[in-house]
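Starting off, we have a lone chain in the form predicted on its own, written out as structure tokens.
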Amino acid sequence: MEANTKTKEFLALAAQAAREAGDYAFAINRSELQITTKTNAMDIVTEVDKRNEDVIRATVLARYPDHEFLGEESADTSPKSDRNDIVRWIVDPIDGTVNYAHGLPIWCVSVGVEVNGRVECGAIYNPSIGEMFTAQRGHGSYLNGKRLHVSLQTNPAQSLFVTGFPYNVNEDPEHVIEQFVKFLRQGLLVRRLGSAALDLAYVAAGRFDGFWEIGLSPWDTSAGQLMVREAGGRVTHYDGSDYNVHRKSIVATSGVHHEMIMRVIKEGQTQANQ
């Protein structure tokens, strides 16, 4: 089976698994949620996160038992292989768990598929408003079947940006607070939604002109970063190097304001160190 056909099959399964998990989570009554915390009291998890990840993992491995699985709740629990055609499913069963637990409809299920270390396709599903974002390398990004393109806005004053903070924001890692203030002092419009996967999908859809954040994990960005690229955008790390989902910082933009965002980030870091 040729690689393109395989990738289409992976994407179909990713979208199916994301939709089923998202619809299940959406149907759960908030009063029924059992909420626990991880190492940081702000980093919560529900039984739905765990259930969704288990179900997605079982669905994937039933179809592709030789594939690997990297999930937020279980990490990588699949057997490693020495083959040179490794396929790894990278899953966030609920991205935006804090929003979800509070009944705020800004959360999603994200499923990315990495082949030989490169993400080839992915799906992000927000059941609250019925939006399914999909992307396949070389074939574009889509929202409910309609092709996406990043924003064409060139005026930063008329652009809309989004960022996020790590759970230990109170410790000001890498001077994220100073960086955020620097953006505000530029007079830029900045939002903070609480779901990095949706932030990226919205950059791909042209709703946001740029996104930056540190402290993210592969399951936060695997599908979304590909969507931005396939919609004509640019994705790098803070230093401008090409984005790798296994590193922590990300800047994703339409391409127009990319250098400006990296400059402001650097200025914020420099000012904090003075």
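Numbering starts at 1 and runs along the sequence shown. Keep in mind that what you see is a predicted model, and the values were worked out from it rather than measured.
The protein also exists as the form predicted together with a small molecule; that form is not presented, and the subsequent description refers to it.
Trainee: Can you pick out, from I90, I94, L148, V119, the residue that has a heavy atom within 4.5 Å of the small molecule in the predicted complex?
Mentor: Filtering the options by heavy-atom distance leaves I94.
Trainee: With the small molecule left out of view, which of F180, F161, F165, Y142 would have a heavy atom within 4.5 Å of it in the predicted complex?
Mentor: None of the other options qualify; the answer is F165.
Trainee: Taking the partner as it appears in the predicted complex, which of 214-222, 243-251, 201-209, 230-238 has residues with heavy atoms within 4.5 Å of the small molecule?
Mentor: That would be stretch 214-222.
Trainee: When the contact criterion is heavy atoms within 4.5 Å, does V176 count as touching the small molecule in the predicted complex?
Mentor: Flag for V176 set to no.
Trainee: So in the predicted complex, is the small molecule close enough to R185 to count as touching (4.5 Å, heavy atoms)?
Mentor: No, R185 sits far enough from the small molecule in the predicted complex that none of its heavy atoms falls within 4.5 Å.
Trainee: Can you tell me whether S195 touches the small molecule? I mean in the predicted complex, with a 4.5 angstroms heavy atom cut-off.
Mentor: Looking in the predicted complex, residue contacts with the small molecule include S195, since a heavy atom lies within 4.5 Å.
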